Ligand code: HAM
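Read the single chain below, which is given as structure tokens and is the form predicted on its own.
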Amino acid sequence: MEEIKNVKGTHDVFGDENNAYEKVESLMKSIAEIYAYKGVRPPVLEYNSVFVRGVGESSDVVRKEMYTFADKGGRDLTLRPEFTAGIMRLAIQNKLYATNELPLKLYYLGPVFRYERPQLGRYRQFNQFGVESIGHNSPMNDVEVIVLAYTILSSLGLENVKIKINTLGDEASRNAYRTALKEYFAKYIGNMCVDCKSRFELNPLRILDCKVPEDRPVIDGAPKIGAYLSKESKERFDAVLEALESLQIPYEIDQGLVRGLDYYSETVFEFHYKSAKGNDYGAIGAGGHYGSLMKELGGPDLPGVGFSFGIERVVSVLSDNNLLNDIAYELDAYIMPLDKSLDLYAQEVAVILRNSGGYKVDVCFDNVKLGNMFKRATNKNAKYAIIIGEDEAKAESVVLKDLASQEQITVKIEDLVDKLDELYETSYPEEEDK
């Protein structure tokens, strides 16, 4: 019989790894909300045209990495390879730009799908968290998004994050730059890789993304965008850099940075990190400004800026740096009925603790000895054991045992939540506001 296993490029998340995901995602969402961003949940499935028109036909994502198929009705659908184009479609279809004050400040979290070679922290199904700020063209919007992303990484405990930043300029700047690149690469393109030859025809800026080692010397010698910037684009980029310096956000200019999606213009940036174990994850997050994406998808001509993090990569980096030591799942209490006839009473106690106290509680319904129940409580990282015998049930009470100090007391049911609150305040003050 054929072995049943997960699809190549996907992975199962469970146990402490799942706890790590929950912790990281919760922090990202909470910081985005502090910055006044609101959550949205676009569908995983979109019409193929959303990404072809939005992401761009010359991008590797559209050309080589999308999971696209015809459904039973003959419609061309795609599992989203990124969020931004779908967010634009959502905003256009629901007219969010007309019913909300601008800029629209939205955050998202969920799975995306790209057919590419699985590697360190990278899968074919992976999770992204990101934000989009839509509707204002101020360079300060670019700055806010970069600061938000940097704040998230700093709050997760990551130090020495390298921010690479560049500008692609406005449309006039990019047109002049494309012409210069076309003239430069025309001399070498015959000896470059197949992808570069295709990019040369579609969009020569994409050649700068090439990772083929033999092509890098030619690419590194290509003209730089800075020489082709319009006055307006140069002033905008200078304003972004000045603001980052004022806010003490470290960065380095990388004029070879163009990002892999065609909708970017003006400011683009990446967050690079090398873990304590020496693993170079490359970009663990990235983003940039886009000027005409919404218009390209049939909406009004509104600019935007955003970023996204790959959750898998961020969690891998945190694991390498031993920053996930406190993510093991913990129970507040493990309830131990000493006889099967006490199971219902134990369930009633659990309901009180969960519903009235908000405590994480599990109950042992197996007919095992008390010693085995204590072992289970330890394995579940429980702080307290709640022991129920016939005498306790008759007296409508329980025995509450602190598994750290081994001290135990008898508590009436009506006093149990208050007593646990009191013990937490004394023994675990940092968790009292949980």
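One-based numbering along the sequence shown. From a predicted model like this one, the values you see are computed outputs, not experimental measurements.
The following text describes the form predicted together with histidyl-adenosine monophosphate, which does not appear among the structures shown.
Of the stretches 108-116, 357-365, 335-343, 71-79, only 108-116 has residues with a heavy atom within 4.5 Å of histidyl-adenosine monophosphate in the predicted bound form. The candidate site formed by Ile284, Gly310 and Arg313 is fully in contact with histidyl-adenosine monophosphate in the predicted bound form, as each residue has a non-hydrogen atom within 4.5 angstroms of it. The contact residue chosen from Tyr251, Tyr184, Phe126, Tyr97 relative to histidyl-adenosine monophosphate in the predicted bound form is Phe126, the criterion being a non-hydrogen atom within 4.5 angstroms.
This chain lacks the partner; the member of Lys164, His136, Arg122, Lys274 within 4.5 angstroms of histidyl-adenosine monophosphate in the predicted bound form by a non-hydrogen atom is Arg122. Taking the partner from elsewhere, Asp142 is found to have every heavy atom lying beyond 4.5 Å of histidyl-adenosine monophosphate in the predicted bound form. Contact annotation for Arg206: none of its heavy atoms lies within 4.5 Å of histidyl-adenosine monophosphate in the predicted bound form.
With a 4.5 Å cutoff on heavy atoms, Arg199 does not count as touching histidyl-adenosine monophosphate in the predicted bound form; it lies far away. For the chain shown alone, Arg174 is not a contact residue for histidyl-adenosine monophosphate in the predicted bound form, no non-hydrogen atom being within 4.5 angstroms.
Contacts between stretch 153-190 and histidyl-adenosine monophosphate, counted in the predicted bound form as any heavy atom lying within 4.5 Å, involve no residue at all.
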